[in-house]
Structure formats: structure tokens, C-alpha cells
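Here you get one chain, nothing else, as C-alpha cells; it is the form predicted alone.
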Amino acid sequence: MDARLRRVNKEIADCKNDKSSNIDIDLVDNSPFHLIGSFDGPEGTPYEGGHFEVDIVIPDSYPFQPVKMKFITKIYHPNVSSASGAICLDILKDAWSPVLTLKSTLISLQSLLCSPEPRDPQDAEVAKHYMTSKSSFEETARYWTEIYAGGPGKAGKGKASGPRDEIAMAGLDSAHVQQFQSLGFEKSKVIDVLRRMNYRGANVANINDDRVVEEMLKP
């Protein structure tokens, strides 16, 4: 058994034996080098009550090279791509150290949910939302947790009890969307433009309506 396999097997066993951390790791297709890690959203955050899964790939040169991780569960967070699940976390890049383990890295990822770093974002649009209106951001993050991670609310894991609220998913105010819909623009176009322009909170006063309409008219 080579050193990498021996180390990974030990780390997987450590996670399974540690019931206090609430970090779970499962093999994908019985491979110790492709794993799924999971943990609960931290209490007191918009992710509370949700259960989040992370895809883990162990590189050939592990532990001298960082593990590759990305969220499987969709999450609304400045340091996670809302489209791909890619993660911006220093220990997954240049701050990696061979003393780090799968468990400690997943715990660090869980801690990232408590302390977003919007000034070093993976998802610039979400970061802008966070810095413009934290309360609106948290409301949107809670809704995503409900929709995708089985968080508390009317929705179950991965599906809503009714149609998904596209306006809430984008973190927008329904009155703002209706304002531009009333001008004859399609709802989906309005949502896309207002989301990209960060038409939220105090930032609304900084965006002229004519500028919004110009964006709506673009093909």
C-alpha cells in the first residue's frame, strides 16, 4: 500500500470514528481518491438546518498538493460559485499545508459559511449583494438553503412544495421586478438585468431607471 493510500484511508477512518465533528465522508464508486464530504449548515447562519455535500478529489501528489473540492449542493455564498460550486478558500490553494487533513479542511469549509469573505469572492454578483444589503443577502441564502439543502421552510431537500420563486432566488424585491414588467419587459429578462446590475438595497438609488431600461433593450 503506497503512502498516499495509507494516509487517505486513515483520514477517512478518523472522520467515521469522530462522531463529535458531524463531518461525514463517503467513497464514490469505492474509490478512496474520489469522495463526498458532507456537513450541516452552522447554527446562527442562513445555512442553518441545511445539509451540504462537497465533491472531493485526492490528487496524485497528496498531501503535498491540496485536495480538490467543490460544492455539490447549490449554495448562495460570496466564496462559492452559485453556478459550478467552485470554492475560493486559501487552504485549497496557496495556503495548503501537508498537515491539513480531509476533516480539518471540511471543518474550515463549514466555518467559511459562518464568515464569508466578500472582498475575495468566487461569485462576484453574490458578493455585491452581500456588501449592498446583508439582510437581503441572508434572506436569499436562507431561501437557497430551503430549496437546495433541505433547510427549514416549506420546501424539502432539492425541491419546493410549489413553484420556485425566481425573484427570491435572485435576491430581488418583487416590487422592483413588477415596476419594469409593467413597461412591457418579460419577467425573466427583468430578473436577469436587475440581478446583474445589483439592483438591491441602497444601491437602487444609485441606478437610474433609464439605465436599467437601456440594459433591458439590449439583445
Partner chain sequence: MSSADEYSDDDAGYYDEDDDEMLVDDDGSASEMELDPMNDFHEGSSRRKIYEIDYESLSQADVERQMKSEVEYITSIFGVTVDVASLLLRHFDWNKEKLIEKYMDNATTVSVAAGITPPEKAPKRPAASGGRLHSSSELSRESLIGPRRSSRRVASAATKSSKSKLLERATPPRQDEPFVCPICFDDTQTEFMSLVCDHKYCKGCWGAYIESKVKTEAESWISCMAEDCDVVATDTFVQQVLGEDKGTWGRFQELLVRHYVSHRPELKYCPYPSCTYTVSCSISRASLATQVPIVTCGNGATHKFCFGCNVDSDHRPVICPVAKMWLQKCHDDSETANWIKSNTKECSKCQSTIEKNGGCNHMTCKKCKYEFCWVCMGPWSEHGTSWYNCNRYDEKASKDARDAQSRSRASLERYLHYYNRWANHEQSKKLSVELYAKTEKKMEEMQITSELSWIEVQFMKKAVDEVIKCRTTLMWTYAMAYYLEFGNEKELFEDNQRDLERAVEDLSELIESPLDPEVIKTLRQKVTDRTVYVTKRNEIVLEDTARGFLEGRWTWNSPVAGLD
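Positions refer to the first chain, counted from 1. Since the structure is predicted, the reported quantities are computational estimates derived from the model, not experimental observations.
Absent from the display: the form predicted in complex with its partner chain. The rest refers to it.
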{"item": "Contact label in the predicted bound form: Asn79 to its partner chain, heavy atom within 4.5 Å", "value": "yes"}
{"item": "Partner proximity in the predicted bound form: Gln65 to its partner chain, non-hydrogen atom cutoff 4.5 Å", "value": "yes"}
{"item": "Contact flag, Ser104 vs its partner chain in the predicted bound form, heavy atom cut 4.5 Å", "value": "yes"}
{"item": "Glu125, heavy atom within 4.5 angstroms of its partner chain in the predicted bound form", "value": "no"}
{"item": "Option from 140-148, 125-133, 96-104, 68-76 whose residues, in the predicted bound form, bring a heavy atom within 4.5 Å of its partner chain", "value": "96-104"}
{"item": "Among the candidates Arg196, Arg211, Lys10, Lys16, the residue which, in the predicted bound form, approaches its partner chain to within 4.5 Å (heavy atoms)", "value": "Lys10"}
{"item": "Partner contacts in the predicted bound form for 100-135 (non-hydrogen atom within 4.5 angstroms of its partner chain)", "value": "Leu100, Thr101, Lys103, Ser104, Ile107, Ser108, Ser111, Leu112, Cys114, Ser115, Glu117, Asp120"}
